[in-house]
Structure formats: C-alpha cells, structure tokens
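In structure tokens, the next block holds one chain alone, the form predicted alone.
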Amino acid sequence: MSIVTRFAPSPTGYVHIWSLRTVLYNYLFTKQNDGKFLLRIEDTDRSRYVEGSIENMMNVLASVWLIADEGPNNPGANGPYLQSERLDIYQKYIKELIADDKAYYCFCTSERLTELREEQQSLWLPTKYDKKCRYHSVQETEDLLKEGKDFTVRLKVPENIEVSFVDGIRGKITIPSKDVDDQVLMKTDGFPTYHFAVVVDDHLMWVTDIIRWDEWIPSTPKHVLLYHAFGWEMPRFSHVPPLLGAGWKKLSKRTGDVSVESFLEKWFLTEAILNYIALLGWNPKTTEEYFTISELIERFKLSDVHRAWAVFEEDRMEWFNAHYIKNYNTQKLWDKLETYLHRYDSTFLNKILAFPAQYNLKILAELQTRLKRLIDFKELTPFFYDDPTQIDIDLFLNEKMKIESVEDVKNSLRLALKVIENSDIDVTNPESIKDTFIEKIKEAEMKNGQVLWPVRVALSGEKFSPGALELIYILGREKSIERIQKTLKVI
C-alpha cells in the first residue's frame, strides 16, 4: 500500500514552530517513501475559527516549501479538504454506528454535565460521563427523539478490555477501556467532534501513517476504538514529543512570537529553519549538522526520533542561518534578499534599488560573512546609502592606534586623500587599493592603523564597520574623496 500522511490543523491562528516540525516530519517520511502528503483543515469547532488563518497557513507552508500533494489549493481524489464541507459524510457514518449499537444518543443537558463534573472534582474522581443515557431502552430513546429533545451522540466504549496500539516512536501502548470516556462523537449542532471526524477522514483519505504531537497519545485509544467499531484497518501512529522554549517551558501553540511567520519576518532563511527544527528531537547519527531538504528526505527515520522533549533556541537557529547566508552564491542571496524586502520592507527596497546593481552586490559580498539574518543587512548598511550626518571626533581618536589628537587625524586623512586622488591607484581592484595604501603609509613612516582607522571612521561615521580599504572599494573614488574632504572641513 502506498504511504499517505496528512497535516490536519485547526484554523485557530498561527502555524508555529512546533507545528512546522510535525509538518516537516510528515513531509520527509512521505517523500522518502514516494507517498502522498495531504493537507486537511479541521474547522468543525466554529467557536475557535480565526478569519484568514486558512489562507495564512497555506501561504506559510508554501513559503517554507512544504506544499501538500493534495489540499484546499490543489484538490485531488480525496476532497473536500475542509471538514465543514464534509458534514453529510459524518452523518452517514454516525448513523451506521448507532445502527450497529456502537454509539448511542445522549440527552443530558449541559447543566447536568456541569454538575456531574463538579461533583466528581469535589470527590477527586476522574471527570467522565456516567453513562446515564447509555442504558436507556430503545423505547425511551425513541420517545425522547420524538419530543425533539436536543442530543449528542456518544461512543459506546466496550467494557473491561485493553486498548492497544503500537507507536512508531514509543512502542506498544496499552490503556484499559475503563479509563476511556464515552466520548461525544456528534454535537447538538450536527457538527462532529474532532475525535470522530479525524477517524472518518483518515480512513476515507487512505491515510496510512499519522505523525502528530504526543499530546494526542491520551486521545489515541478513542480513535483506536472507533477503528474497531467500524471494522476498519488502523493507520500506524507515531507521536512526536513537543518542543520546550526558554526556561524549559512548553512552547505555547498560540504565541505569535514562535510562529513561523514571525521568523520569516525576522528574515530567517527557509533552509536554516527546516535544517534546525529537523534536528530538534531527531538524531541523524552523524556529526554532520547541515542538511539540504533532499538530504533530510534521504536520511530521516521515524525510529531515530527521540522520546524526550527538545529545546528550541532562536540563537541556535541564528547559527544555522548565518551558515547558510555565508555559503550562498552572492547573486542568489541578493535575489532572496530582494524577495524578502519586497514582502516585508518595500520602502528600504525601493531606496537601495536606486543604486547600481553592482554597487549593491559589492556591499552584500562584503557583509555576507557578518549576517546572521537577512534583516541585519539593513542595520549594517546605512552609511552605504546615506552620507554620515554627524562627525564624532571621539570615534577618530584611538590611543592603541597612536591617534591621540585632531592633528593626528588630519594628517592621516590628508595622506589617504592623496593616495585615493592619485590616478595610479585602481579603486575597482581591491588588491591595487591594498598594495598602494601599504606602500604610501610605509613611505610616510606611519603605521597602517594610524591611517586606516581615521579613514574608516570618515567613510562610515560608525564605531564598527567594514575596514577602510573595503569601504574605498565599495564606495568608489569620487564618494570616498567627498567624504574624507567633508570630514577634514568639519574638524
């Protein structure tokens, strides 16, 4: 049988990092086995529905390359893919369970259920339904239905049996049926509960493997019982441990600052995000850390996923991001930077596109090894696109470089100005700039730092920036001369 997996989120907000890892593991497992990966939206709980979240979810998954083989945007043979469009299907199967005496009508009011729960809590008992309606006679049930009483439908959990399933990560798990509640399968509004709909949908969509968070382990026996009730073959279950955040606290599923979108807005590369989260709980059994998506598909094994919780650290993901930025082809990195800016900062993009393409590529090539995130480009480049507005004499003075007075600064800048103005120096060639400066500084019986430190400050106006020679190469002869002259005039 061909492998079929699915990601079946509720449209309640963000796609967060925890969810993304689950999607990634499903995707890797499926592609490794030449299977099919489905996206299904579980939107039957209308009280939690967040407007626009479905579109956002699909956009985010597309942004990180995890596109389903079938889903709302690319339907196939297994649709519809929104549970709210499958209500007739659920009605058919709930009637089948009732007819086979595997489920029953429950007429208990919400007030009675609340009182029951409060009483159980006061006695320190598990909060479960007391099965009152399970023991109605057929006639009692028919009479209540004729009266038009509101009802739910509950699963008739078999008594005194063991419910078992084999988890692909944790091994065999067994729970006594007495610990499984007679769960509600169909609500009073005719909408199915999650537990009922997920089993029906997974069966009808031919899902063979369910890879999901381990918080669903307590619910899995309910699903197993439903498969038994229908006489359907069960899929294989694998429950992935959740992620911890700072302070070893569980990452919230509804916190925006751990949403995938927030990391895209911080300009993390998709490659870095996927590479890092793949390793959160999965052991590749190698000292290697950097894997392309193709390599992840080849090497990933569910059996190598840990049972223990993993800790998500943004600083660690930055480390991966810096690695990918550093090793990118500069032109391709610029194309990616332009895409990010178009999406998140079009004002800055329009500003830098006013400069020659080669100029921008020079800047990016110089900064590429310093960038942790693409957003750093904007923070590190203001002096490339605007002249320094203020000249702070204290930045020029440097006792270590033997620049102890304004006069020392002037002498160094005047020497640099003569070198740059000399037509013998090729400012389009970094080696020519370096060789000429070193020669002229030596002839003046000065130290390299004595000259290059003030030049760097004059060209950038910053305490930290690329070196003087690199700035001359990027800014060019005319702009370098202009900034040095301006500095000399001011000081």
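The model shown is predicted, which means the values in this text are computed figures rather than measured ones. Start at 1 with the first residue shown and count on from there.
As for the form predicted in complex with glutamic acid, it is not shown, yet the points below apply to it.
Of the residues given (Arg373, Lys336, Arg86, Arg212), Arg212 alone sits with a heavy atom within 4.5 Å of glutamic acid in the predicted bound form. Of the residues Leu185, Val240, Val198, Ala416, just one reaches glutamic acid in the predicted bound form with a heavy atom at 4.5 Å or closer; this is Val198. When contacts are judged by a 4.5 Å heavy atom cut-off, Trp216 counts as touching glutamic acid in the predicted bound form. Residue contact check for Ala8: one or more of its heavy atoms lie within 4.5 Å of glutamic acid in the predicted bound form.
Glutamic acid is not drawn, but in the predicted bound form it has a heavy atom within 4.5 Å of Glu42. In the predicted bound form, at least one heavy atom of Tyr194 sits within 4.5 Å of glutamic acid. Shown here without glutamic acid, the chain has no residue in 401 to 420 lying with a heavy atom within 4.5 Å of that partner in the predicted bound form.
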